[in-house]
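This document starts with one chain, in the form predicted alone, laid out as structure tokens.
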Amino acid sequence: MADRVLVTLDGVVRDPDAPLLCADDLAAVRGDGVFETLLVRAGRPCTIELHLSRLQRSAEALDLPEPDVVKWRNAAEVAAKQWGTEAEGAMRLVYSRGRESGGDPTAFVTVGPLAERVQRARADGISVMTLARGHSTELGQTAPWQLLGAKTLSYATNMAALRFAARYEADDVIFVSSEGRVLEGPRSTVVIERGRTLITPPATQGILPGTTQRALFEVAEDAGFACEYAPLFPADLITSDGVWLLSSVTLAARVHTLDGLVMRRSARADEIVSLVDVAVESIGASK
């Protein structure tokens, strides 16, 4: 098992310590590109097809050349094989416009170890604070150039929100719109429980469609859950039976504290964690 992996789109395994980007690559100087992050488990990239589809949509939103899905899939599989089966890994697919001076787009896949926070969040849950996103739920539809539904490399605001929350000893953030509606986390999708109904805000509110949430909904319906896309307010979080932040690497993180309020632990918490595990291992697998 390698401790870090780097594979370019031609399928070549590179030295992860050797320079790869040029100084004028637009990924570095402008954040002009898109990316995907996913879990490597048992030597395979989980939900890879869902991530490749979202990579295509994000690239289209940025007017990047259409990604060659076959090459991306092959590079991801090579990287996962290089990583091995001994431990889970965090895979990134990175696709930028390339050098400012011109040339081909930049494209590569990396795999590295999971952050320490991941296992803690899975096992113990997380504390979360709500923060203003600073825009309306209609912004994504009225100003598509804001790229609200694309997973771009421009993550400075999201990281700033997480650092702000950490100052107040919160693990994560849930963004709220100017109308006071629940949106998403900086790196996650919000899902609440009401009995055996799972609800997440609709992507039309200018949020990134979640791959893990989508995979969960597919298997949860077969397990007797109703799954809905509906607007939510912070009060809906507080009165729910459970609040979850779902993401491709952490998977299911139960919110145990919201803005200082201790949340109840759902009787279905273990079932939801198990369903997420089943979902990421079975939905959107490699063709």
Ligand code: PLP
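One-based numbering along the sequence shown. Just so it is clear, the model here is predicted, and its values are computed rather than measured.
Omitted from view is the form predicted together with this ligand, to which the following refers.
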Original post:
Say this ligand is put on the shown chain the way it sits in the model of the complex, by superposing the C-alphas near its site; is the site then open or blocked (3+ ligand atoms within 2.4 Å of backbone or C-beta)?
Top reply: open
Original post:
Of these, Thr200, Ser188, Ser96, Gln205, which has a heavy atom no more than 4.5 Å from this ligand in the model of the complex?
Top reply: Ser188
Original post:
Thinking of this ligand in the model of the complex, which stretch from 120 to 128, 162 to 170, 177 to 185, 67 to 75 has heavy atoms inside 4.5 Å of it?
Top reply: 177 to 185
Original post:
Is there a heavy atom of Arg54 no more than 4.5 Å from a heavy atom of this ligand in the model of the complex?
Top reply: yes
**OP:** Mark Ser58 yes when one of its heavy atoms lies within 4.5 Å of a heavy atom of this ligand in the model of the complex, and no otherwise.
**Re:** no
**OP:** With heavy atoms only and a cut-off of 4.5 Å, decide whether Gly210 touches this ligand in the model of the complex.
**Re:** yes
Original post:
Are any of the heavy atoms in Asn158 no more than 4.5 Å from a heavy atom of this ligand in the model of the complex?
Top reply: yes
Original post:
For 2 to 17: residues with a non-hydrogen atom within 4.5 angstroms of this ligand in the model of the complex?
Top reply: none
